[in-house]
Ligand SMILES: Cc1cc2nc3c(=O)[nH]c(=O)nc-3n(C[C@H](O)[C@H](O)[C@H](O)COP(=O)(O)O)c2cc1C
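In the block that follows, a single chain appears as structure tokens, in the form predicted alone.
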Amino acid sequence: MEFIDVLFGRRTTNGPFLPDPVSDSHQQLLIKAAASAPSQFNSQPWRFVVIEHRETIEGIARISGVSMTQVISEGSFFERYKRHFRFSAEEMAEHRSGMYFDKLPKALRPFTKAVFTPAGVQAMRMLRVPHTLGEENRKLVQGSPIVLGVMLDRRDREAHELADFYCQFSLGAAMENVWLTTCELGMGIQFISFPMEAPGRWQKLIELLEVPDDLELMALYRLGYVPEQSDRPAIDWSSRERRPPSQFVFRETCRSPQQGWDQA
């Protein structure tokens, strides 16, 4: 693939992967791509744990599924991120950002607006919607051929406030390299985020992976090969809509939005 095709073809994989194991050569290439990212003073603060053992992945999947059930049941998740939820084409056209839920299971459709209200959250609990979503999440993570744990060296982060920023910035660059490389390899990738939203669940992952005190677990990703054709998942946590340049680019000073690029 040409680089520009990879760049604009990048996707988040919200559906299942093929059951095929990820080849050792591809695993090595992903890590090599991560390690080629820029870092302040060439500090290379990132560390990775590559997980293939089914028992460990099943443990991660259980924690992820339970976390999703907990977070959705509490209702705090929707309140926290409601500014990014879109439930109509009109909303998406207005904002050109966020998550557009144009495809939902029949049981969830009545809650598209009520999800932000205590009554709506209570109704979802009664219908066991959080449990259903958590179980779907567990199955999705469990079916992943590999999980990648991403860590940072605490010594680099704790040196001073700017060092912490540099480390996190560098880690973002490293993971973008990994993400783009998956496109070249016919693979997909998705952030396993819900354990970070549920108090106490992230610590269980740290213990499961035996992360030492001098490292900090920053993120988990599931990876695998993607089918040539696949149906969209029941709940699609992705959107290809992007803001036009006039909404986020300025010319010379921040008082002057960029003009003339929106149709390019």
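These figures come from a predicted structure and were not determined experimentally. All residue numbers are counted from 1 along the displayed sequence.
Absent from the display: the form predicted in complex with the ligand. The rest refers to it.
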- Query: Ok, 99, 123, 163, 185: which has a heavy atom sitting within 4.5 Å of the ligand in the model of the complex?
  - Reply: 99
- Task: Identify which of 247, 12, 256, 23 has a heavy atom within 4.5 Å of the ligand in the model of the complex; exactly one of them does.
- Result: 12
- Task: Evaluate residue 40 for contact with the ligand in the model of the complex, applying a 4.5 angstroms cut-off between non-hydrogen atoms, and reply yes or no.
- Result: no
- With heavy atoms only and a cut-off of 4.5 Å, decide whether residue 44 touches the ligand in the model of the complex. no
- Message: Residue-level question: is residue 191 within 4.5 Å of the ligand in the model of the complex, judged on heavy atoms?
- Response: yes
- Message: Just checking whether residue 239 would be counted as a contact of the ligand in the model of the complex - the rule being heavy atoms within 4.5 angstroms.
- Response: yes
- Item | Options 60-68, 191-199, 46-54, 23-31; stretch whose heavy atom lies within 4.5 Å of the ligand in the model of the complex | 191-199
- Residues from 148-184 in contact with the ligand (non-hydrogen atom within 4.5 Å) in the model of the complex: 179
